[in-house]
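This document opens with one chain alone, in structure tokens, the form predicted on its own.
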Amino acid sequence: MIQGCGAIYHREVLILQRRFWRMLASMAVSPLLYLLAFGYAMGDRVMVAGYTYTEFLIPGLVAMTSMTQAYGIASEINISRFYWHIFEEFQAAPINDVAYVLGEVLAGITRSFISVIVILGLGFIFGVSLGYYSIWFWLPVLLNSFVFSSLAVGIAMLVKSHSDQAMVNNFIITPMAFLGGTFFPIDRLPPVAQKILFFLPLTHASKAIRGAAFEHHANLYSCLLLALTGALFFFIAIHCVNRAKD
């Protein structure tokens, strides 16, 4: 299984290496626009929980971008399935479902970590320095990446076209990116909305990452929920891969 997982991961890393500088630039565009639009617009003039809005925004962007980049592995899987028929070759190879899912999930986590480093670099340019060096900061980042990489593999096995993939993004990923505590604290919303947003994984990722960045310790309850959600999505992804072979 380790060799099979390594082969899948190695393929994705080779693709990442070929597109590295283009992907790095694309990873920086959206966070930079958010920092320019919201950071300079509100910046030091707006305080949230005792921190400037820019300081509040950076951990939220880390949570959001780690989600979108980890989930972005779904697009790579779809391209390999629909155009290159790589998935059929994996079926013929001695690679089991667990190894395939694990390799793709690790690739999504790698993309996610690179994007987080880009955001932290942008934050340094904007003069924001928070608790990024603690393991408690990187643990929820890892768990958030694991959740959405696993979700990406499962969704990629279910969709039948790129339009289906775009529909999933529009109805799940994009709303979550804006409503998961990224740009504003959800405790300022009505109680009913808070209860609904409680079920979004990104809400707990934002809370844990922001807590680690501000207070140097993550919310363990949120980390536990992320770990359980990631494990559930991982096993669902294995089931979806098995069904996609039929």
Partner chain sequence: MIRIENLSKRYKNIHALKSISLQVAQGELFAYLGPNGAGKTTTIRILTGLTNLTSGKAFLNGFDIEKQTLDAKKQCGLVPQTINLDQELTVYENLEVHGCLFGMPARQRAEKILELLDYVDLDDRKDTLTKNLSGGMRRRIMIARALLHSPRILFLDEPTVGLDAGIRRKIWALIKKIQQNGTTIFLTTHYIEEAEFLAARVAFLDEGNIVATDTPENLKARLGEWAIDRVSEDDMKTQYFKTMEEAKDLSRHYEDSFTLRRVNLEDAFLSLTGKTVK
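Positions refer to the first chain, counted from 1. In this text, all values refer to a predicted model and were calculated from it rather than measured experimentally.
Below: the form predicted in complex with the partner chain, not depicted.
Interface membership of Cys240, defined by any non-hydrogen atom within 4.5 Å of the partner chain in the predicted complex, is ruled out. The partner chain is not drawn, but in the predicted complex it has a heavy atom within 4.5 Å of Gln91.
Although the partner is absent here, Trp84 lies within 4.5 Å of the partner chain in the predicted complex, judged by heavy atoms.
Within this chain, Leu120 is remote from the site of the partner chain in the predicted complex, having no heavy atom within 4.5 Å. Of the candidate stretches 106-114, 91-99, 144-152, 131-139, only 91-99 has residues with heavy atoms within 4.5 Å of the partner chain in the predicted complex. For the options Leu24, Ala231, Ile15, Leu224, the residue carrying a heavy atom within 4.5 angstroms of the partner chain in the predicted complex is Ile15. Using a 4.5 Å cut-off on any heavy atom, the residues of 6-20 that reach the partner chain in the predicted complex are, in sequence order, Ala7, Ile8, His10, Arg11, Leu14, Ile15, Arg18, Arg19.
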